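Presented as structure tokens, the chain that follows is alone, the form predicted on its own.
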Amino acid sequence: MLPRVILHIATSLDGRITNFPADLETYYALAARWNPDAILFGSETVLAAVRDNPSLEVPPEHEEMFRPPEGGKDPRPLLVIADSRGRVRCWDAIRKWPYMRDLLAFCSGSTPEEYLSYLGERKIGTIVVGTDRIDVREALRMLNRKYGVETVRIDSGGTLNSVLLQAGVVDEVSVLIHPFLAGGRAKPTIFDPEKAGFPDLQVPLTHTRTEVVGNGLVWARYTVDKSHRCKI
């Protein structure tokens, strides 16, 4: 069974997802309403966070940081990173984040063996599906089957968002629009099918709700018409 998948994105009024003061308190307060069992990041999002905050890289990596949590059921979500190319090397710092119960990686048949060994040595769970790239549909099925994940929130940029939308696994798109004109370059965007390898992909949405929250933020929510996912 596929889990329910929600894209939750903060943007400026002119469509930027960077270069503006996002209201993170409101963003995460809204995100918590879905009570997700897992949060899925793209590797590009993690690497961008590292560039913006170098303290995420905390060498050396200490063995005690990679011991699976002990005790009873942990209500916090899994944090999952899609990283087929094996680029994320700051798992030690990420594991310090207090809001998740454990870490997991999505990889593919093209992921370097050295990286899979790296993850195994650090007791990072892996789901390896797909040949040249991650089969996100099957990865999500396995996330549900092996880890009991029923709801996934996506915290990523346009590339992974587009891959998930093309695969027809997204149920809802949630956009928190800030009263701010960021200017600058349009990219990165919330939807970048060309970069994802699907240049002609278009995805119809159905509006379900809009409300004003916080200090003049507009929260717009849409369901996804999955019947159009293969029109590329």
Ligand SMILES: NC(=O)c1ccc[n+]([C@@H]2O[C@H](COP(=O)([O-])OP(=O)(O)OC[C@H]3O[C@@H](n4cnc5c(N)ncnc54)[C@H](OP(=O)(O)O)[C@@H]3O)[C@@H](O)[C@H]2O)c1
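Predicted model, so just to flag it, every value in this text is computed and none were measured. Quick note: we count residues from 1 along the sequence shown, nothing fancier.
One more form of this protein, predicted together with the named molecule, exists but is not displayed; see below.
The stretch from 117 to 125, 153 to 161, 90 to 98, 138 to 146 that comes within 4.5 Å of the named molecule in the predicted bound form, counting heavy atoms only, is 153 to 161. Asp37 falls outside the set of residues with a heavy atom inside 4.5 Å of the named molecule in the predicted bound form. Residue contact with the named molecule in the predicted bound form: Val80 places no heavy atom within 4.5 Å of it. Although the partner is absent here, Thr223 sits far enough away that none of its heavy atoms falls within 4.5 Å of the named molecule in the predicted bound form. A residue is said to contact a partner when one of its heavy atoms sits within 4.5 Å of a partner heavy atom; Arg76 fails this definition for the named molecule in the predicted bound form, lying far away. Contact residues in stretch 16 to 35 (any heavy atom within 4.5 Å of the named molecule, taken in the predicted bound form) are Ile17, Thr18, Tyr27.
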